[in-house]
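Only one chain is shown below, in structure tokens, and it's the form predicted on its own.
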Amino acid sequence: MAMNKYLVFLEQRDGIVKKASIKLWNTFQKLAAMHDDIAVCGLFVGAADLHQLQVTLVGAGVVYYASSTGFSLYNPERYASLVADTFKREACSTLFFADTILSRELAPKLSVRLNAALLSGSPMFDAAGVDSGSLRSVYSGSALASFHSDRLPRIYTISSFPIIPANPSRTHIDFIPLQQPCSVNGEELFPLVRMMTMREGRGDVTEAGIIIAGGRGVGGADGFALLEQLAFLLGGVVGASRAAVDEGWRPHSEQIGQTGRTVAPALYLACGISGSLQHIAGIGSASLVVAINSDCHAPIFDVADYGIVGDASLVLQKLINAVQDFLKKK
């Protein structure tokens, strides 16, 4: 039986490996526990907390890391060179990324370097494994298409994850350092123009389990105060439609939809969002969608599991009061 060796890229930000990457690794460890022909290794680039990985990664295998100062900031050529070298050296058949802003830039570069097929924004495969292919929405969510790569090597960026019942034991994972390749002078090719950081305490919408999102219907930037209050009570984050971002009410990092972020929360609460096809395309993997809108004919109600017709600010205030009362009783 031929062995399929998968390389999982563990993306980090400010030394903390992203939750989506950890979930990606753990999901493949579950698949490997069910299939004797799958082996999984990992790679992360930049300074990272090894202790965090030791307590969050399950299964067995090898994780390679390059933590020298040359990798402290994302550099596409340097990252691509290291990932490609590791992929070839380990004789891997498939490379996997969580579907993020970084992977959407890095994966195409690696597709060219490795002459690999690239399937981006794919939902995670079920227990049948990678060869079963995957379904994803196309044409702004109006249709589903099945994608499958007939040749190796191949690269996937994964946007959502299934529930796989396998429970791999927490066994030993070897962490092996890598040397920085010297063939690319990344600072000359890609000089740092400006460093931007997220405001402390603001979560990433692509990793959030609960998202309270607002659109033009919240009335303005001040209207998002209620969304932030509810998100804080529920342990979630605030998101926004393109209309709210275009108005300057929220930063682009919170924009959800075809031209923003694709999200897969357990709960998505859409407040004052009409529900354009472009926005719906970004929330197709949400487990539960609840919509609040004063227009009973808003398209968002066509995809919502639950809908509330009413003024978003009034409904949000009642929800906040109800959650506060519930928390006081606990």
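Heads up: residue numbers just count along the shown sequence, starting at 1. Given the structure is predicted, the values throughout are model-derived calculations rather than measurements.
Same protein, other form: the form predicted together with a small molecule, not shown, and the subject of what follows.
The candidate spot formed by Ser241, Gln278 and Ala298 is fully in contact with the small molecule in the model of the complex: every one of the three has a heavy atom within 4.5 Å. Proximity of Gly42 to the small molecule in the model of the complex: non-hydrogen atoms within 4.5 Å are absent; the residue sits far from the partner.
In the model of the complex, at least one heavy atom of Gln255 sits within 4.5 Å of a heavy atom of the small molecule.
Put simply, Ile273 is close to the small molecule in the model of the complex: some heavy atom of it is within 4.5 Å. Contact between Ala264 and the small molecule in the model of the complex is not found at the 4.5 Å heavy atom cutoff. Only one of the listed residues (Val63, Ala286, Ile292, Leu57) places a non-hydrogen atom within 4.5 angstroms of the small molecule in the model of the complex, and that residue is Ile292. Considering the small molecule in the model of the complex, the lone stretch of 100-108, 82-90, 204-212, 256-264 in range is 256-264 [heavy atom distance within 4.5 Å].
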